[in-house]
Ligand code: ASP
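As structure tokens, one chain now follows by itself in the form predicted on its own.
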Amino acid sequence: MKRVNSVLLIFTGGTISMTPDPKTGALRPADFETFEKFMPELRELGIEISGIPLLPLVDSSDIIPEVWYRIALTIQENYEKFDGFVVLHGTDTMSYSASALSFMLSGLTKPVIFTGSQIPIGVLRTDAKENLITAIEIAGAKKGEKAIVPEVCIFFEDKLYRANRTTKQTSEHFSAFESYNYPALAEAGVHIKYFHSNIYQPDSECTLRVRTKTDRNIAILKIFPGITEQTVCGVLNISGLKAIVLETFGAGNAPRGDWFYQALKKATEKGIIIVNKSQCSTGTVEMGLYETSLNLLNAGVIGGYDITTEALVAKLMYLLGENGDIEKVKKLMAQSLCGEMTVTP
């Protein structure tokens, strides 16, 4: 007799986890039993589904790394019991959380699918049902004994994306997420069509290792025309700062003023890691392509290629937390660890 595939739902909060109170109509967090009442379809999927709430449920704006740890450890504790995992999460910071999990879950061979909704589960026009049902199907999908999508992903509307390639692109439409620099892993229509060549395939002998140490001593510095020396130095001289996400123009360009170069050089010489990330949604940083990025290269700034800001924040926190050696962190920042960026010569 064929074994029924199993999926664990991990509730963290967000819009998808809210249902209207039958008396007041006010939105409140829902438990798994309430979900089952609103979605009897869950019983018809042919997948064994269980749920664990990470209490207290939180709005995605209140997500902190401690929530990432709890998600990762919940997956670790239940890894042998389930074929896949679906994380219900608010949309605003979903790309940050899902990116962080992609680094924390080393040796992953099972699907971890993040999903959510723009409208709560109990509202008539909700997008939660379709998102959740398809996410569960993908999390439980196997070919033989192997998972079809053995990586951390985000499913929303009709697309499955690699988690650490995503950005929330709209607060208005159901297609809330986009992966600008990497193609979709699957598309859901009448059937779920998997694009197997885009999906990461781990070594079959991989063993899950969960690493949850992070270091929050990072900052984002977004360059704009007319930015002042006071602003730049104010960020670079934050007490305890270890790394900067430097959001630059175009292919990684920034002002050529000597004060700017000297400020960056002084920071890197102190051991602060500075990573060059383009403000453009598509394309890649090419250090030295233009004269306006040569100063950055000479100042010791590292190129971030086509990584998203969300994945870069998560990667820096993760690497700084797991490694005390700054030179090792800098070396790993230039490598793609789990498909988060396209490294070009």
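As the structure is a prediction and not an experimental result, all values here were calculated from the model. In this text, residue numbers run from 1 along the sequence as written.
As for the form predicted together with aspartic acid (ASP), it is not shown, yet the points below apply to it.
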Review point. Might Asp92 be said to contact aspartic acid (ASP) in the model of the complex, defining contact as any heavy atom within 4.5 Å?
Key: yes
#### Entry: Non-hydrogen atom contact Ser60 with aspartic acid (ASP) in the model of the complex at 4.5 angstroms
yes
I'd like to know whether Met18 contacts aspartic acid (ASP) in the model of the complex, with contact meaning heavy atoms within 4.5 angstroms. yes
* Should Thr248 be counted as a contact of aspartic acid (ASP) in the model of the complex, where contact means heavy atoms within 4.5 Å? -> no
The one option of Gln118, Ser179, Thr109, Thr214 with any heavy atom within 4.5 Å of aspartic acid (ASP) in the model of the complex is Gln118
Only one of 280-288, 52-60, 294-302, 309-317 has residues with a heavy atom within 4.5 Å of aspartic acid (ASP) in the model of the complex, and that stretch is 52-60
